[in-house]
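The data below hold one chain only, encoded as structure tokens and taken in the form predicted on its own.
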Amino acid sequence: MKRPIIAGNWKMNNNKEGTKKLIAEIAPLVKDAECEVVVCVPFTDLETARKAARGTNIQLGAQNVHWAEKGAFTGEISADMLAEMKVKYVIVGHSERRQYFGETDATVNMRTKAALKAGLKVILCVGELLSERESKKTAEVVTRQTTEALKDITKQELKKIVLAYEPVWAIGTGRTATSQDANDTIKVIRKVVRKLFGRAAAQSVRIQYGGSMNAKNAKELMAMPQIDGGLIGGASLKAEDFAKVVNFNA
């Protein structure tokens, strides 16, 4: 059985004091979790989060990484810098990075390879716009994004990647794909992995759902056969809500 993974994406929220407080509140609520627990915090909070999570089952994640090891990339953070800070996971290709910061399928692939080279695990996001969904292009879009993101990735490297289906129209809007729709789209993503890496790899890769999963719908979504976890936005900023998602089986 694959171990589910629930990751909180704090986005651009929380200062150091808020980070320390929130992790202190989350830790006792998730200490017996059957799933892997990750919090992906802003870069300025990574060191604080690492110290706050020490001795707990909470793993540390970052929200982005650059593809170059070093150089003239003002404002960017390299994979080696994250690794030095004991970061375990990094989100790559989040819909907000694609929508607001010019992220492309090619740069997602470059960032993914850089992260893997530095020993990081990757939460790799794909998902369609509302217009693409309404045009019935969901399968086409996630197939392309997944194929391009995993270009030149080896079967061994795939073991360090968690895929996340994030319908852009459901991010921060309160709208959520039905559990069946989410399951069906993740099945499409899994078929792409099967085509690229074979049946065993497709069965073992973990694929999260990331479109407004919360305390109320987590149990239903996590009951679907294709869904192996959640990438949680707003609900991850409240300890009790995040814990309810983490403990979806309770």
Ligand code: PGA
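Don't overthink the numbering: it's just position in the shown sequence, from 1. Source: prediction; values computed, not measured.
From this point on, the text means the form predicted in complex with the ligand, which you will not see here.
Check: Since the chain is shown here on its own, which stretch among 88-96, 69-77, 126-134, 145-153 would lie within 4.5 Å of the ligand in the model of the complex, judged by heavy atoms?
Finding: Stretch with heavy atoms near the partner: 88-96.
Next item on the list: Answer for T19 alone: is it within 4.5 Å of the ligand in the model of the complex, judged on heavy atom distances?
Entry: No.
Margin query: So, G61 and the ligand: in the model of the complex, are they within 4.5 Å at any heavy atom pair?
Written below: Flag for G61 set to no.
Item checked: in the model of the complex, I171 touching the ligand (heavy atom, 4.5 Å) -> The answer is yes: I171 has a heavy atom within 4.5 Å of the ligand.
Next item on the list: May I ask you to check whether V38 falls inside a 4.5 Å heavy atom distance of the ligand in the model of the complex?
Entry: Looking in the model of the complex, residue contacts with the ligand do not include V38, since no heavy atom lies within 4.5 Å.
Checklist line | Heavy atom contacts to the ligand in the model of the complex at 4.5 Å, residues of 221-244 in sequence order | finding: If the 4.5 Å heavy-atom criterion is applied to the ligand in the model of the complex, 221-244 yields L231, I232, G233, G234.
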